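Just the one chain here, the form predicted alone, laid out as C-alpha cells.
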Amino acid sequence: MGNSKNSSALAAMAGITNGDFAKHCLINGGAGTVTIGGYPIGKDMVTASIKVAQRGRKEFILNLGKEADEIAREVNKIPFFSRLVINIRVSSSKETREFAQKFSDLLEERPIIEINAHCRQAEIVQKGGGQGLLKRFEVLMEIIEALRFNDFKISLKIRGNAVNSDVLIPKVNQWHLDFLHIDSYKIGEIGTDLTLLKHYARRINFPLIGNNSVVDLKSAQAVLNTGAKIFSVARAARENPLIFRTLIKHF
C-alpha cells in the first residue's frame, strides 16, 4: 500500500473524504496513502445512506446503478492509483460482483478496495452492511471473492472491539486479505486500545493498519510500535490536512 517510506494513511470519513480532499492530503499534505469514501453500493446501502443523511450526518449519496461511474470520477482526481484506497459500504455479494465488474472496466489500474465492516449507523447495520457484515461471515467471504475475482487488492476495516478476535482472526487469515484496518477504540473511553492492535498484529499473516485517536507524533508512534505497518488519521486530518507532513518527517 502506498509509499513504502511513508507509513501514514488518510482514513475514510463519509461525506468528507472525496477525491478533492484526498488529493489535497496526498499532494499538499504528504499522506502516504489516501482513502476516499465510504461510498454506498447497491439498493439497501444507497437507501440507508439517504436516511442517515436526512438526520443530519454527512454522507456520500450516489445514484443507484451509477455508483461505479460516480466513484470513478473521484478516483480519476488522484494521480497515484498505488496510493489510493476506496472504502465501500456493501451488504450483498451479488451487488458487489456487479459493481466490481463495471468498476474494473472503467479503470486502467486497480486501486485497493476497502470493505467497510466498520460503520455502526443503525440504518446501515440493519440492512446487513457496516458492522452488520461481522455477523454475516459467509456473505462477507463472498464479497471478498467477488472483488478478488476482478483483481482488486482488498482491505477490510473493522472496529476491533465490536467482534471477538479469537473468532475473526482465523477467518481473516483464511480469506487472504491484503490489509486489515482496525479502529481500536476503547469502549467508553478516549484513546486507542494498543493491546488490541498488538494482539492482531502478532496473529494475522498480512499487514495491519492501526486507526483511532492518531493526532500527533506520540500517538502515531504508539500505533506503529504495536506491529502495525501503517497508522491512519481521520478527524485530525479533517481539521488539518497537512498533519501528515508533520508526522512523517519523524519516520
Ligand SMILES: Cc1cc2nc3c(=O)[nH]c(=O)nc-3n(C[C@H](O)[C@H](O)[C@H](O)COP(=O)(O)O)c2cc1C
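In case it trips you up, residue 1 is the first one in the sequence shown, and so on. Quantities reported herein were computed from a predicted structural model and do not represent experimental measurements.
Just so it is clear, the following notes concern the form predicted in complex with the named molecule, a form of the same protein that is not shown.
Heavy atoms within 4.5 Å of the named molecule in the predicted complex belong, among the stretches 137-145, 86-94, 169-177, 105-113, to residues of 86-94. By the criterion of a heavy atom within 4.5 Å, A11 is counted among the residues contacting the named molecule in the predicted complex. The closest non-hydrogen atom of T33 lies beyond 4.5 Å of the named molecule in the predicted complex. At least one heavy atom of S213 is located within 4.5 Å of the named molecule in the predicted complex.
By the criterion of a heavy atom within 4.5 Å, D183 is counted among the residues contacting the named molecule in the predicted complex. Of all the residues from 34-65, those having a non-hydrogen atom no more than 4.5 Å from the named molecule in the predicted complex are G37, G38, R57.
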